[in-house]
Structures are given as structure tokens and as C-alpha cells.
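Presented below, as C-alpha cells, is a lone chain in the form predicted alone.
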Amino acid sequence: MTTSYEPVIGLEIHVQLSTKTKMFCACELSFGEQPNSRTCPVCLGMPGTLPVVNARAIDFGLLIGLALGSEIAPRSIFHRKNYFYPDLPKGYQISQFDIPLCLGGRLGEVAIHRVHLEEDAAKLTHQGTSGRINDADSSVVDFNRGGTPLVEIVTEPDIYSAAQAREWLTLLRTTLRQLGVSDVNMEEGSLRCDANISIRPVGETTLGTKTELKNMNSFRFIERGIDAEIARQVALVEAGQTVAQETLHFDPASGTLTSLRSKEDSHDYRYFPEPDLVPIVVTQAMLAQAHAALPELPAQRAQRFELDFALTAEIARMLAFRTELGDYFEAAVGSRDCDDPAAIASWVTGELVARLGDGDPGDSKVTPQALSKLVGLVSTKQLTSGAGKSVLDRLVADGGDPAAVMESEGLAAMDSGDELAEAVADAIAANPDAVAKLRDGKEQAIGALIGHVMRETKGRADGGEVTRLVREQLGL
């Protein structure tokens, strides 16, 4: 008998904070500048230098903790995480271990284990055909990134599919962007994700041996990588083999997984308190300032959209989790050219997104007021839905007023008078096979007649009225 397996996934997300300077020195943050041009003796780990904590990074950490519903530690300390790697000039990373800034919390359906502050490593580039250290011709290090303030967000193993991981990361990214703590640009490395993955027989509660997919920088690649690792683990177990605890690299070009090293446990890093930094003591004034700075978060916005505008949960989440869509929707509703917010939301998330993709509708030629007017014309049956889509095509290409486009293109909805009756009669005459099938009780055959009328009238006819007239003229 084949056993069904359940994947269990936990995520570790590293977020570069949008401070002006690095975590423990005064070097300005940069991206894309001349390599090794933003460095100093502190971030290069020169002997005798002393770190100083970036107060703005602590403020951002508190904001994130409050947004995630975490418990804020009244006293928090930094540790040295010891390991040797070419991108770590000190031979250790200043991070937090057993007394992090924030503990617990929840975002959506996923529980948070901890949120802590640390410094980023330098950027290590492996030069060779594969871009991996094991078979690189050479490696170069750019220390500009070294020392960049990071917040690491660690979830509980509360995720059970690659698709769920991707959706939750989308919510997290939008939340962080709303907080203003990071640009969360994955292409530039501002947000990076590691995934810890294990499988277990369905119904079991004990976790299996986990592996780690490291430093994935695209939600699409994260989803593909997790799916590939789940399939690999299932194949191993079903073949009677064991899953080794290791760190893996997913190659999105080939879809293959490669072992990098055995996965470390916390004791392998020999953590000990950082002797050159004093503890962080969070005051009531700091907490009050962080509370005051909290904006409306995506999950709260989605709930408001559901309650205030009677939207479905799915559409409310789509609008709230893509900030630019939510802003556009609210501007369209606010123009008061259509009194049906649910219809506006449907057009924004459906027809408009289908034409603009991931682009910001606020940057398009379709103003929120124009879309609201368009939806109003359709809602009041001055335009059919099909003709409305044709008008939207024109608005996306050229902008303008939907009513003017409707008139200039001759797309105003037909009434149910002689013109429509004649169009239906022509359709019946031109489609004898469909008529015969419809008379024999094959209801789907009416689609050919409706389609004929729609083509001849350029979508100006109302589908329901066409259906009624077809049946009336055929005596059905």
C-alpha cells in the first residue's frame, strides 16, 4: 500500500533594513556601487575596532515585532555566531541567539517563532560555469554589503505546501513594505528566504529529518524549489532510503537540487554574548513611538475591504496584498462614478490585471475615475460586459473617457427592439445545425446562436435578452 506524505515547511526570511548606515558602523548603505567602496575598519573587522548599534535598526525591529504580534523583550543582547567563510571578515557574525528582540507572534495562518537583528555578510560571487563554490574557477568578495542591518524572521513549521509558502511570503513582503522598513526588493537581495523542509506520513505528528534550501531570491523559484525538494524526499523514503540533514541549492534553470554541506545545528556556531555591545533595553517611550508609527497592515486592510465593501475574502486579499491594487481600487470607489464597489473590485482584479499584469495600475493610462465610469456604464446596462472589455482595451492603449470611447466606437448597448430581433433571426437562419440540435434538447447548441449575434453586433447585445429572443422565435 502506498503511503501518503505530508510536507512540513518552516521559513527563515532575511530582510535588509532601509537605514542610512550599516548595523554597527557609519558606512552608508549602497547597491550597485563600485565594489568595496563602502567599507571601514569596523565592518572589515580590523583589530581594535568597536561596533556601535544602529538605533534606527532597533526602531525598525520593534515595528516589525509589533506588526507580527510578537512579544517584545524588555532586555535583549547580541551574540557572536562563529563560523569561517570568506564573506565574513571577523570570523563571526554579530547576531542574536537566546535573547532575541521579539518572540512569538503570527501573520495570517502562520505562527512566528522569533524576530531578531543581525548584520549581513559580504557578497561572495563564484566565477565559473555553474556559479557555485564547489566548482568555481575563482571567487571574489564585495564587502559593501557586509554589515548591512538585517532582521531575520523565523516561522514555526506551520506551512504545508509550496503554494502556501509563496502566498504567505507575498503577505509578509507587502506587510514589510507598508511598514517602510525595507524595499523588500528580492532582485537586489533585500529579501532572501531559506526554507526548512521535511515530510512525514499523513496523520503523524513527529517531524521528519529536515533539509534547508538556501538563499532563494524569487517567490516563483521558492515555490519550484520546495516542490522539487518535497518530491526528492518522497522518492528517497519510498525507495527505503533516509533523508540526510543538509543544506541544498536549487538551480531554477535546470530544476535540479545540489547538496552544499551538512546542515549546521546551533551548537556548531559556538554562540557567546558579544562583549563589545551593551544590552538593548526597550523603554516605554520606544514602544509608544513604534505603536504610533504602525500603518494599516495588509491583513487589516483585507478585513476592512470585506466588511466595508462586501468583497469576497479572495478578492479582498488580492487587493490588500498588492498595495498598488488596493490604492487604485479605493481611488476608483472614491470617485463615486459607480456605486457598486464589488463590481469595481472585480474589474480591477480581473480585467485590468489581465491587461497590465504585475504593473502598477496607477502608472497606466486608465485613471481610477475612468475605470469607475466604465464599470458604472456596464452596471447600468448602457454597455454590455463584452463591449466594456473592448472599451477597456482602448483605455489601456490610449486613455480617455469611457463614455466618449463608447460613442466613438458605436458600442452602446442595443435595446430589445427590432434591430436585436432581426439580428437573432439572422443568426437562426445562418445556423440550421445549431437550431436542429437545440430543438432536440441539446441546450449547449444555443451558444453558437448567441455567439453569432454577438459578433454581428460587436458585443452590443445583452446575452440574456438574446437567449430570450432565440427561444421566443423558435417557440421553445
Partner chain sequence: MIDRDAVLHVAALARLELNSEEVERMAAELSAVLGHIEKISELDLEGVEPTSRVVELENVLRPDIPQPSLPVEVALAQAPAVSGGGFSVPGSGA
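Positions refer to the first chain, counted from 1. This is a predicted model, so every value here is computed, not measured.
Keep in mind the form predicted together with its partner chain is missing from the figure; the text below concerns it.
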**Request:** Using a 4.5 Å heavy atom cut-off, indicate which stretch of 157 to 165, 176 to 184, 232 to 240, 280 to 288 touches its partner chain in the model of the complex.
**Result:** 280 to 288
**Message:** Does its partner chain, in the model of the complex, lie within 4.5 angstroms of each residue among 27, 38 and 58, using heavy atoms as the measure?
**Reply:** yes
**Prompt:** Using a 4.5 Å cut on heavy atoms, which of 296, 137, 308, 398 is close to its partner chain in the model of the complex?
**Reply:** 137
**Request:** Let me know the one among 274, 351, 330, 118 whose heavy atoms come within 4.5 Å of its partner chain in the model of the complex, would you?
**Result:** 274
**Message:** Against its partner chain in the model of the complex, would residue 23 count as a contact residue? Criterion: heavy atoms within 4.5 Å.
**Reply:** yes
**Prompt:** With a 4.5 Å heavy atom cut-off, would you call residue 71 a contact of its partner chain in the model of the complex?
**Reply:** no
**Asked** If you check in the model of the complex, is residue 16 within 4.5 Å of its partner chain, heavy atoms only?
**Response** no
**Item:** Distance check, residue 336 to its partner chain in the model of the complex, heavy atom within 4.5 Å
**Value:** no
**Request:** Could you list the residues in 65 to 100 that come within 4.5 Å of its partner chain in the model of the complex, counting only heavy atoms and keeping sequence order?
**Result:** 75, 84, 85, 86
